[in-house]
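What follows is a single chain, given as structure tokens, in the form predicted alone.
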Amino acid sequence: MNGVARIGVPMKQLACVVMVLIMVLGLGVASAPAASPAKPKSSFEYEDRIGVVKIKPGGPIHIACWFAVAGSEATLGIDSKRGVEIAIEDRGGKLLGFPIKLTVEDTGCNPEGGQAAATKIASDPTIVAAIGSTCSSEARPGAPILWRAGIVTVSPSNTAPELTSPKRGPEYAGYLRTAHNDKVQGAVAAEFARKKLAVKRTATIHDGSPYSEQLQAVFVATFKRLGGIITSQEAVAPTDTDMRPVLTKIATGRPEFIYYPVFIAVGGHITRQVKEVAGLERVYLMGADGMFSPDFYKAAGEAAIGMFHSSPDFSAFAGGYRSFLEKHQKKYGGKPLSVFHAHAYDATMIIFAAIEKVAKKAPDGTLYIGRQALRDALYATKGFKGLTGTLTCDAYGDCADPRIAVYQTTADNVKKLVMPDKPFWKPY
């Protein structure tokens, strides 16, 4: 050999190796192709744990009501619906520059109607929030249906204690109310009977609904605590018309007072028939807000003269209530039909305030509203100045500033079909 070392690598392979080294080391002959630039992220993001309602420019903010607007208890729901309508008008029919759309579903003041109305509302993904229901019996099945769809609801007239009880269950986590809790109303009624009228012996009647049964239960517990005697606790069905058998049974206990927090139809039958039963001719009679309506006077007639009702204290409402009544008179040609119109107004207004807190508008004008965010904003309501008082929501959805008074029916009330507006007695 000549003393020259030979490497056993073909020239073509050597050239390839050199080129790879040049590329890796970036020595300049050939450079690796540049990576594609990352796409810029959108400048607008809105996330919510359970869902987002998107409203295009010009589209409506859709609110639903589920109220009893037909049948024997229609005045309760119509009264609340009017409160919602006036609230919308007071906002100029718009929120955040978007028109407000209102849908109303009838509930019938019974569980079946509440379930049907809630199911229909839950099937519409455009609905942002709901106001309702009218009766507690509707809310029991209906509120969980709405919350499974991510729709929060605020009731102006449900008062059954179970709906905001710590034991109510997570399926009611999207439920609130501006109505009082009947833990308050039942206690006030009992204090009135025991302290103001000084009666010692009382009987009660309920219709099996959550509202009626739980309200009389609070009354009974408070009356006993105050040293009174409960002579009888009776139940009737919402469809019953002949109350004489129950009233005859009650008469054997010789009560001085009968508390029957039922609805209009049943309340009318009891009131008309009670004085026909021997031993009950001089007994005091008292109902509650479920039949505090001119329609009750139509059902009961002159037999209602002199009886009492527990109900919200209208004289304790905020200054804006007088203006509300003027608007109501102008718009509907008369006074409110029942007792929860102002509570419905307040329910609507706290929903609007919560939407304004959580809604965000994208650069293209689309409005985004988070369902969980809206629910949380409603529960965070504190010190809200409403018609019914200052509203602050607790951890279980009770938002009311509860003021309950007792009213007495006069002959003029029955003749003119107008509920008394000045309290006969109040505990404060």
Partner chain sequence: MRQRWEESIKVTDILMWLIGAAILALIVSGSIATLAAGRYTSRHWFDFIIFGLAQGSIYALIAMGYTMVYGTLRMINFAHGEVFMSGPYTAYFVAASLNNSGFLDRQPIVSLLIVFIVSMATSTLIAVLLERVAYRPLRNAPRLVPLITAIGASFFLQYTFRGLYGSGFQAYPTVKILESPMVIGGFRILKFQAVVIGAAAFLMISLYTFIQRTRVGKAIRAVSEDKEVATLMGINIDRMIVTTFVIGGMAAGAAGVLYALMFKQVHFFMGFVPGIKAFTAAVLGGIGNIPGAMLGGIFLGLVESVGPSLFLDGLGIVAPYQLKDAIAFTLLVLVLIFRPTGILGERLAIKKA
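Positions refer to the first chain, counted from 1. What we label the rigid core is the largest C-alpha set whose atoms superpose within 1.5 Å from one form to the other. Predicted model, so just to flag it, every value in this text is computed and none were measured.
One more form of this protein, predicted in complex with the partner chain, exists but is not displayed; see below.
Exactly one of L325, A235, I305, L96 has a non-hydrogen atom within 4.5 Å of the partner chain in the model of the complex; which residue is it?
That would be A235.
Answer with one of V69, A64, L391, A377: the residue that has a non-hydrogen atom within 4.5 Å of the partner chain in the model of the complex.
After the contact test, the surviving option is V69.
Report whether the minimum heavy atom distance between G320 and the partner chain in the model of the complex is within 4.5 Å.
No, G320 stays farther than 4.5 Å from the partner chain in the model of the complex.
Please determine whether P245 contacts the partner chain in the model of the complex, using a 4.5 Å cut-off between heavy atoms.
The answer is yes: P245 has a heavy atom within 4.5 Å of the partner chain.
Going by a heavy atom distance of 4.5 Å, is A265 a contact of the partner chain in the model of the complex?
Judged by the heavy-atom cut-off of 4.5 Å, A265 is in contact with the partner chain in the model of the complex.
Going by a heavy atom distance of 4.5 Å, is D90 a contact of the partner chain in the model of the complex?
Because no heavy atom of D90 falls inside 4.5 Å of the partner chain in the model of the complex, the answer is no.
Within 4.5 angstroms, counting heavy atoms, which one of the listed stretches 343-351, 188-196, 269-277, 173-181 is next to the partner chain in the model of the complex?
Result of the contact check: 269-277.
In the model of the complex, does every one of H309, K385 and K426 come within 4.5 Å of the partner chain, counting any heavy atom?
Answer is no for this spot.
Could you tell me whether the Cα atom of R91 shifts by at least 2 Å between this form and the one not shown after core superposition?
No; R91 is a residue whose C-alpha shifts by less than 2 Å between this form and the one not shown when the cores are overlaid.
Using the core for the fit, does the CA position of H206 change by 2 Å or more between this form and the one not shown?
Where the cores coincide, H206 still shows a C-alpha shift between this form and the one not shown that is 2 Å or more.
Is A299 displaced by at least 2 Å at its C-alpha between this form and the one not shown when the rigid core is overlaid?
After core superposition, the C-alpha of A299 moves 2 Å or more between this form and the one not shown.
Closer or farther apart in the model of the complex, the C-alpha atoms of I78 and L417, for a change of 3 Å or more?
It is farther: in the model of the complex, the C-alpha atoms of I78 and L417 lie at least 3 Å more apart than they do here.
Did E162 and V246 drift closer or farther in the model of the complex, going by a CA distance change of 3 angstroms or more?
Here the pair is closer than in the model of the complex; there, farther apart.
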